[in-house]
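Here's a solo chain for you in structure tokens, the form predicted alone.
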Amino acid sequence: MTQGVRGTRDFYPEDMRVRNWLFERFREAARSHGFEEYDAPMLEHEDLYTRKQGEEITQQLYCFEDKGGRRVSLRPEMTPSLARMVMAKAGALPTPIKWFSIPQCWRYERTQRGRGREHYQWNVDVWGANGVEADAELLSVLAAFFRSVGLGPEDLVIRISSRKVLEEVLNSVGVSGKAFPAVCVIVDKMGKIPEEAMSAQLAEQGLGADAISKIRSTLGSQDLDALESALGGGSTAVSELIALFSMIEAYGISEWVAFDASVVRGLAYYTGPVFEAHDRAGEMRAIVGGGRYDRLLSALGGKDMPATGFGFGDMVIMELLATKGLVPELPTGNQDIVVSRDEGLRPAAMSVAQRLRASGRAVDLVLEEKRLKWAFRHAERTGAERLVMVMPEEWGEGNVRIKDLGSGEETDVSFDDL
């Protein structure tokens, strides 16, 4: 059997080099904004997810009963684990908490472009900060990352709205209580399904023609001034968004973002600003999504704390980078290739390799008898800087021959001076 489980991926060394490159860009963007890295177990109690999101997610969980009779699950996302960790040290952690992680997550769902059953997800969160300053900071982290991998505002856009906009609009047409989440799911499809289909689904929720028209016109707005006219000057949602966009301008990232009232985000626990990044061509799934979720802890049995964050999967961004020709060709990281000319010099070659490694060099020792021509090709293929040759005559004089693969120059160097 040569194929892995459906929906999973193998990472060969060349794939791992690219993955590590991507993850380091994630880390650099977060650390440059003062975030610290954390981690949590891949295995959690099943009810950590079912309590937060209800029964729907149970169809996507990789869950089972362990040998102690406990219901456990592979994590489908990191936020519940983060919430558990914050609750475990409630009151002891200095706020604001600025943490990030790059966990592997698992969901049993239909595989499609940009989505498998396992993926890595960069999570960046701020806990304990009430104002939209924290939300603006997250958007700055995203812009820093996009710049670091060669993407620009012409390649993608971060669309921003607020769940408070949705609440004000839906409340104005009488949608509240249990009907609210169902209507949110429908509104989230705006622009993704035909208008007639959306209107029909809203009608099934008991909404009349006038209410449907107001929902579609207001939540289809991409102009903050027009939204303010529709909701009135006293709108809390509009005031909050105006403040957020002012901070975005202060960060110098206005060209990366746009207001779009139709951005809802699928999870019902979002409470304030929400955002998604999409490629400008509109050919791919959302690259990243997030927002404010101030009431998560109470859903898990704790005391609420203001929080905002995003989840950024590794699959869609790699598709976008490949489309733009921005995936780098990365060398192995080997600096020196050490090769002996005959089997009798193998121990000497081992000593040479160890001496170089002790000096901080990354060294690949050729373990079998190979011709120099092969060693040259191997050095070129792996991107090494030097070929270090242990040859009978030179070694007899206590030297090795080093070829600089950049300049082509060859030099004899004593073993003691390596």
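Between two forms, the rigid core is the largest collection of C-alphas that superpose within 1.5 Å. Quick caveat, the model's predicted, so the values are computed rather than measured. Note that residue numbering begins at 1 and tracks the sequence as displayed.
Keep in mind that the form predicted together with a small molecule is missing from the display, and what follows is about it.
Contact annotation: the small molecule lies within 4.5 Å of heavy atoms from the stretch 111-119 in the predicted complex, the single such stretch among 217-225, 167-175, 243-251, 111-119. Checking Gly311, Pro103, Pro306, Pro153 against the small molecule in the predicted complex, a heavy atom within 4.5 Å turns up for just one residue: Gly311. Arg107 is the sole member of Lys98, Arg84, Arg107, Arg341 with a non-hydrogen atom within 4.5 Å of the small molecule in the predicted complex. Although the partner is absent here, Asp336 sits far enough away that none of its heavy atoms falls within 4.5 Å of the small molecule in the predicted complex.
Although the partner is absent from this view, Val288 contacts the small molecule in the predicted complex, with a non-hydrogen atom inside 4.5 angstroms. At a distance threshold of 4.5 angstroms between non-hydrogen atoms, Tyr269 is in contact with the small molecule in the predicted complex. In the predicted complex, the small molecule lies farther than 4.5 Å from every heavy atom of Glu137. Relative to the superposed rigid core, Lys89 undergoes a CA displacement smaller than 2 Å between this form and the one not shown.
Relative to the superposed rigid core, the position of the CA of Lys192 differs between this form and the one not shown by 2 Å or more.
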